[in-house]
Ligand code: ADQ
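First comes one chain, alone, set out as structure tokens in the form predicted alone.
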Amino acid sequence: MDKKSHIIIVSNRLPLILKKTEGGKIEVGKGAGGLVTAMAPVLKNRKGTWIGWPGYVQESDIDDNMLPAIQTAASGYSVKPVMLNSNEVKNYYEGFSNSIIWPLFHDFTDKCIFLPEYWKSYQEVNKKFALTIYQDANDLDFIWVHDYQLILVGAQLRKMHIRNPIGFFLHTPFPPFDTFARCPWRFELLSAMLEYDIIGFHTIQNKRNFIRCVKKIIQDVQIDKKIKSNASVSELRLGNRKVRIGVFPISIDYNEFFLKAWDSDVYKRAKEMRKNAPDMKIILGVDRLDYTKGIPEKLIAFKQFLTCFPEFHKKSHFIQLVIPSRREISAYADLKLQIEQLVGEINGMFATGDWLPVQYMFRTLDRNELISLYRTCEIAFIAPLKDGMNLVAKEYCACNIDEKGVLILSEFAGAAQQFHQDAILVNPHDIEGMTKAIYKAFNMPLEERNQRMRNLREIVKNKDVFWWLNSFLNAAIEKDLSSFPQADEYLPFNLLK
């Protein structure tokens, strides 16, 4: 990229959260989530601008008095807020984004609510984001739009005659044709995606699903045969235009988590937790409250584990941390109730005066508390029904500095494409299979645990968030893709092995 150019990151949420107190004072806090975790260290090292919604409802445009508080909280880059009113939050965010695209892209079509007013609001808010970019971008800037809430932004920018290079990265899975075709606005969504210069996915399967949908729905498209065999990046030809489609598995700042795991406060907290459970192996689940995360299935599998293997009573402890999310949507409130009922049922069946099988936490932990849990727990149990990547799996490995931990991971998490050789892969729909996986993790010899975790940590270390950023940007600006590196390590593994 030209030295005079900067990166403009555009996402639904800013890496900051703004709240107004009753007295009208502005409080600024740090945001949470996979994109914030991945991108914050990038913008700290490369001066740029982050455009997004600060996370609270305001019926009018942002007050200029808020801007100093926002900018003070950002370090080394600019922040441009896009404000949403209550109707936009209801129809664009809760509606089209989270009641249509989110379930559709995760194969939960029964949860989709295809309302025209949702689509209208989605278009309007995407245009609002595009206008903010238009007002901020210089001619040489690279604009990088993120995730399913903002699919239309690139097309809106082209209507404003923006000719900057524009990239898009999808952090969710992309569904197969038979699923995507159910969307009434399938043509409009795909056409908008093809206005970007480069589109990134986590896995080869997501890339293939997208290309197949384009072939079936758009039709007037050609794949460049010269680089068709490249597993990492391909080009689609639409008339005189070329759109690059690539595979770029997102990651974390490995060094940040690795160094934090050595922190004395983290060590003391982990040691205290181990002291309170000296003869137990602790299983850890860390999931956002979402029906895609497979939390009930994990709890049912743990219940069956205790039923089938009573010798592990008082020797096993399952900590399930659930991070609050989207509780205003009824499906999420129902899920929370289901989880709590299962926890109560398991503890009611198996608990004794000196042993609680499941410890359930419904809250957000600070970074030190979370890393202390990563260090303490011998087994990480991550079993989403469908997940774009799952950065928790990578965080756990980065923090496992003694290399004694075991990772149980769903086949349907994007991370499985990188971790399939050394994690214990499970089908989250197979309760018996997950029960056996827990048993295997409990009985895995130390030497095998060391080797598996060492391999997993090497992957996270070598393919960190900076590698992800550079891979995407290199693919965006590389003139000749015929020599672009292959991504053989991301070829789909055989689920039938």
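Quick caveat, the model's predicted, so the values are computed rather than measured. Throughout, we count residues from 1 along the sequence that is shown.
Missing here is the form predicted together with the named molecule; even so, the following discussion is about that form.
When the named molecule is considered in the predicted bound form, Asn390 lines it closely, a heavy atom lying within 4.5 Å. The named molecule is not shown here, but in the predicted bound form it comes within 4.5 Å of a heavy atom of Ile250. Contact check for Ile211: every heavy atom lies farther than 4.5 Å from the named molecule in the predicted bound form. Contact check for Ser191: no non-hydrogen atom falls within 4.5 Å of the named molecule in the predicted bound form.
Picking from 262 to 270, 322 to 330, 238 to 246, 129 to 137 the stretch near the named molecule in the predicted bound form, with a 4.5 Å limit on heavy atoms, gives 322 to 330. Three-residue candidate spot Lys298, Thr376 and Arg457; no residue lies within 4.5 angstroms of the named molecule in the predicted bound form by any non-hydrogen atom. The contact residue chosen from Tyr77, Trp102, Tyr291, Tyr93 relative to the named molecule in the predicted bound form is Trp102, the criterion being a non-hydrogen atom within 4.5 angstroms. A single residue from the set Arg363, His161, Lys275, Lys404 has any heavy atom within 4.5 angstroms of the named molecule in the predicted bound form; that residue is Arg363. In the predicted bound form, the residues of 275 to 289 lying within 4.5 Å of the named molecule by at least one heavy atom are, in order, Val286, Asp287, Arg288.
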